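As a starting point, one isolated chain is supplied in structure tokens, in the form predicted alone.
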Amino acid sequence: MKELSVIVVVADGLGDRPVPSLGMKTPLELVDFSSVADVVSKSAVGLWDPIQPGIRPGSDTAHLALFGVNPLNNYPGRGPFEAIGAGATLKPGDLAFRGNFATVNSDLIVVDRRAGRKILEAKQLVEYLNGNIGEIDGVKVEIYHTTEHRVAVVFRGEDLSDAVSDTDPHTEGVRVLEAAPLASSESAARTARVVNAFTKRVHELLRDYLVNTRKSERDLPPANIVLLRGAGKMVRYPKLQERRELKIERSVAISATALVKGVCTLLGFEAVTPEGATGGVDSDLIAKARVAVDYYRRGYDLIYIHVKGTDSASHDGNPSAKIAVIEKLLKAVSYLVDRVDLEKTVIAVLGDHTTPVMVRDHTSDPVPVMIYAPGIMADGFTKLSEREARRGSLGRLRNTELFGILMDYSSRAEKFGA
């Protein structure tokens, strides 16, 4: 059987719950699907639990499962993915965190966990910190800007432990946390001390930095601290090209999100960020579709497009922004459909997890998914939503099962057994 090209399009945090202000409908139910109704009608529809029912997935663990790696008992923490996606080269023993620029008051009470989210001076702030922090107790610190308010922080030194708690309280109106050892070892205790010294040093450097002084004068939230979470050490996963049960040689991930690029890089993808792709609600999604078509025409086996804006809108509790991003995404999907050979292509559109706008965080709700493939038993729906997905023929998939189905329909999975 001839292998087919596979295009996977993920709207981060796509799934939702009924929203009172939307007449108890979800944002997805109010989206205009007319531009892609034909391909949806020729697709099979269902639900996907990225991990398993009842477990709230992170974007990193969801992406591992999406591409065939079971993250249960095989997860190092989010930090290394974020750092690799931001351009860091991690060495054995390196400790990495994901982080936020945030705004705190003089008592270190968190006023804004994202310091206004869109920080135009973020790269300047990172350069300033990297030029002034130096080493902490013999541990070298490197900070990398990812997107918007997000950073990755790498600690490099002897005998570091990832058994330390977050400094990010994950909410506003409370004090920045002190990192604490999560294991009874001197390594964990020392690492916690280094992390706390880092937090103090960063705040001292940023508190009176001219950039932040000027932001405060304009009544903008100053980025005067870095909150850390998701400590982890480097781990190696088999790359898609190394997996003998798969027929994949070339794959590309098109994303502006460091975390996603980091996961995909570890799994063997090339990672590309087109001009105009921001990782926010303002991202140029047609630019991503153009790049996808280019790689498709160059014969890549697996092409992945990641859209972060849906999740950003969800975390902000903004249903109208979420609807707008989904509609932008569907125009990009329509652009793709018009420029590929549907007799030689498998296309999947889905979310990586559910982020309800009323919750403003990830939940364990399964996410809707549609799969188009030549000869697939189509469900005949004209739109994709959480309710339609519950009636779809794909049923309720979990963990790596979705990837297996994509590989089967594209004839890229080896037969199991004789």
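Predicted model, so just to flag it, every value in this text is computed and none were measured. Position 1 is the first residue in the sequence shown; the rest follow in order.
FYI, the form predicted together with another copy of the chain isn't displayed, but the following is about it.
Of the candidates Tyr209, Tyr300, Tyr335, Tyr75, Tyr75 is the one whose heavy atoms come within 4.5 Å of another copy of the chain in the predicted complex; the others do not. Contact with another copy of the chain in the predicted complex, defined as a heavy atom within 4.5 Å, holds for exactly one of Pro319, Pro71, Gly232, Pro274, namely Pro71. For Ile55, a non-hydrogen atom is located within 4.5 Å of another copy of the chain in the predicted complex, even though that partner is not displayed. Among residues of the shown chain, Ser364 is one whose heavy atoms approach another copy of the chain to within 4.5 Å in the predicted complex.
Another copy of the chain is not drawn, but in the predicted complex it has a heavy atom within 4.5 Å of His170. Within this chain, Val307 is remote from the site of another copy of the chain in the predicted complex, having no heavy atom within 4.5 Å. Taking the partner from elsewhere, no residue among Glu148, Ser312 and Ala348 has a non-hydrogen atom within 4.5 angstroms of another copy of the chain in the predicted complex. Residues of 326 to 359 that come within 4.5 Å of another copy of the chain in the predicted complex, judged by any heavy atom, are Met358, Val359 in sequence order. The pair Pro57 and Ile84 approaches in the predicted complex: their C-alpha atoms are at least 3 Å nearer to each other than in the form depicted. Between Leu182 and Gly262, the Cα spacing is larger in the predicted complex than in the shown form, differing by no less than 3 Å.
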